[in-house]
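In the block that follows, a single chain appears as structure tokens, in the form predicted alone.
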């Protein structure tokens, strides 16, 4: 009886302690919270500073993240959305779900100026088609060469994936009114369209296609983590589209000060030093020691392509229609 009473008492104490520990809920994309992604290390590092419980929730890919926020509205449990990009921020701002940043703007190392009042960058990179150099010795140098080849590619759905949307805008930015003809030429190269990046890249590694839409930084993973230099990104002479990934605070958060603390933490060395070798992107703030050695081997696009958030929102539906029409022919 005494043991039962003691156990019950300890359970009450534990419950009270749990109830007193603030919880910060961060919605993000699945690869961020994977075992090999930055999520586990970020969680450990932030919890060491916050006396809180940081809970990451995977929502699929980045576009699915915005769709979930819209569906749940202000009644959703998220305090932070991490993993949107500049192709989505105008649409995200229009939802009215995000609160302005309240902490001072951190000094960042981005290739563009940044003054968005709602969203804080945490990494950036270039979209690219990745291939195996032991199997493909003469990769295409542009979209027209790719369309004229018999190479098989895997891409992501722009309605659920930020890389998929980035590809639409890449083609549109590079070719303008000729984007439809590019997609018509690419249609027979496409093996499959996946919901998100993880599925697409996994299929590529299984040998299901010659090339996969990914990032110019993806080969760094194989080189640094696997000592495998067989993967490379094809350099396209029309340029590469840039992605800047961001996080923002939900206006409905019941722990707004803790959310601000996390956003400030994102600019710290403890967070940014994890990005190159866990998210395999360029950090928004360069580490004091620079980038890992493998990053010096990556392609450097001669032309960086990007739409402003407002332009991306305005062109999205037209670019999506061109893509859908070409693939349905």
Partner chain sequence: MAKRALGINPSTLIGWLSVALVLVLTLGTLLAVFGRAEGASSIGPSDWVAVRFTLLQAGLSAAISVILAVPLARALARRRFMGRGLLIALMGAPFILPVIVAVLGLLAVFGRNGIASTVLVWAGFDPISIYGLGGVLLAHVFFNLPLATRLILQGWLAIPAERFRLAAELGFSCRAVARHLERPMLRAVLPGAFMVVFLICMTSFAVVLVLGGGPRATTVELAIYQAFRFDFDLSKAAQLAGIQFTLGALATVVALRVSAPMSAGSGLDRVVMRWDSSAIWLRVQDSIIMLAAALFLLAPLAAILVAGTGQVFRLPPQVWLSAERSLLVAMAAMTLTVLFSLTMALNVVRLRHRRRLSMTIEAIGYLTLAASPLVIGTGLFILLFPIANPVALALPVTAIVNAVMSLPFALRILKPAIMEVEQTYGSLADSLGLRGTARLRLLILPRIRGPLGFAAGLAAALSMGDLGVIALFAGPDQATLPMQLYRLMSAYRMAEAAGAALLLLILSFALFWMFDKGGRMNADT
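Positions refer to the first chain, counted from 1. Here the structure is a predicted model, which is why all the values come from computation and not from measurement.
What comes next is about the form predicted together with the partner chain, which is not displayed.
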| item | value |
| --- | --- |
| Partner-facing stretch of 120-128, 219-227, 238-246, 107-115, counted where any non-hydrogen atom is within 4.5 angstroms of the partner chain in the model of the complex | 219-227 |
| Proximity of residue 317 to the partner chain in the model of the complex, heavy atoms at 4.5 Å | yes |
| Touches the partner chain in the model of the complex: residue 147 (any heavy atom, 4.5 Å) | no |
| Residue 206, heavy atom within 4.5 angstroms of the partner chain in the model of the complex | yes |
| Proximity of residue 59 to the partner chain in the model of the complex, heavy atoms at 4.5 Å | yes |
| Residue among 50, 270, 291, 67 with a heavy atom within 4.5 Å of the partner chain in the model of the complex | 67 |
| Check all three, 34, 72 and 328, heavy atom within 4.5 Å of the partner chain in the model of the complex | yes |
| In the model of the complex: members of 260-298 within 4.5 Å of the partner chain, any heavy atom | 280 |
